[in-house]
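Okay, here we've got a single chain as structure tokens, the form predicted alone, with questions on binding and movement later.
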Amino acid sequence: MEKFPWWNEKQIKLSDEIDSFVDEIRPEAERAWWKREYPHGIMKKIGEKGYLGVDIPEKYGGMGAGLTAACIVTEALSRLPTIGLTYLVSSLGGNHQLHVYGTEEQKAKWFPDIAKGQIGAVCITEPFVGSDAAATATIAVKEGDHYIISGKKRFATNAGVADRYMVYARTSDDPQDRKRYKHLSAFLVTKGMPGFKLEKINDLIGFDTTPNGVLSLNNVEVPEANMVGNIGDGWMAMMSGLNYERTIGSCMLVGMLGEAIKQPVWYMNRRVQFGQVTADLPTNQFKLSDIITNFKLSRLMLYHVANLIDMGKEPASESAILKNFASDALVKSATEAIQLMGGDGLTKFYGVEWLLRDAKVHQITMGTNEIMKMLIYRAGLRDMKDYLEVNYKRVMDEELGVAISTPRTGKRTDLDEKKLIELLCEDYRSNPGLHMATSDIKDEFDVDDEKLNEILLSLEEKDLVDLYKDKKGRIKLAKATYKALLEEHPAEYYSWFPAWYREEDKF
């Protein structure tokens, strides 16, 4: 496994150890995959090695090596069918939420068992709730020193084999709490609690030996001490957990991308067609170069995001970009890996067809890629707010006759209708297809919102400006109408022709 320069000694040592461990368990993992048996023996070995506790603090029996270490382990295990999936989902079953929201008592109770290999699961999706996780229908009602939880959770990976389940439930119906996303709370529910049952196992396109199922909670009595965070913290715990989930989940994608290189390279150097090994065919080399590019870019982004989280940050846009890019890249790369191996790639005898099936699942799990793009747009613009700030304006250069970027100067005073129309006409010359933002007007004139709105509305009544208002009726943009343009200046004021344009063609 290639090391990154910011990894510490503990992480570097771990990467070497886990590489050897994966080679050791590969035969057992492949046997379990062929038999479609849950790999209990392998998971026990993983627990004994302490790998499930890599990001658990040392004082609770873990390695204390952070998310980066967990990513190193997950990437390596994900070279094997389904093993990485079982491992990472277990890591998602409350680990991060306990780190961020857990009390000292809760950490002391749960972390030692996790570090020893306790399997976990996370429960968000419901029969009527998918991407709209805030609409959670599962309810939790307080009674004395415990909560009664009722509802169903769907598409829970590690269903049945996990002992620990991170369950999100609605604890308030107050519209104000819903508006502020304070209506959900997070609970750790354990297998064996009365009323907590496994209802169904889903037979998916991928995830061959890792059970994915439906869980039923019928008046399950959960101690108040099992609530992670305070009442109403569920949404924030979920969102924080999803940044963590999308990051460590992307380790699976990176590990599988590595296999999408490794398996075809091994195969093509042994497959002879047209008198040469197929690795020497330029078309195959082009395909492999694309897979290598996807792998390198995904892996670099992965460990950058993991490092941000280890630093205590919440990289929402970065984790969404990572998950979206890596899962799409894996679908393309797995498809090409199969193509590189021809008919053999379609069979289960070579380790690539499962990459494509699992890859498709990952475009939907951890939030669909469409949801990722929404998050990237929203969080990305927020994160880039300072960078996107335009500290210059477009002003007509009288010599050139075109608009050029010019530093903003001091503000003018005493804005009135005439001065505003003149400004909007100037803006038309620079940006004929755009409205002028009210914030741009305020950058030019020292005027408050009330007076600016008064002037704009007056000009609108006179059909001199076209206004754009947001959903709350606030004026956001303004543009001079044709009437205003013609009344303020002759047509020649707005004209411009490049030097090469012939005079005789003008009219």
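Start at 1 and count along the sequence shown; that's the residue number. Computed from a predicted structure; not experimentally measured.
The following text describes the form predicted in complex with a small molecule, which does not appear among the structures shown.
- Contact between residue 137 and the small molecule in the model of the complex is not found at the 4.5 Å heavy atom cutoff.
- The small molecule in the model of the complex comes within 4.5 Å of a heavy atom belonging to residue 155.
- The shortest heavy atom separation between residue 100 and the small molecule in the model of the complex exceeds 4.5 Å.
- Using a 4.5 angstroms threshold between heavy atoms, residue 212 counts as touching the small molecule in the model of the complex.
- Residues of just one listed stretch (313-321, 288-296, 365-373, 348-356) have heavy atoms within 4.5 Å of the small molecule in the model of the complex: 365-373.
- Each of 124, 131 and 207 comes within 4.5 Å of the small molecule in the model of the complex, counting any heavy atom.
- In terms of contact with the small molecule in the model of the complex, the residue from 148, 301, 436, 361 that brings a heavy atom within 4.5 Å is 361.
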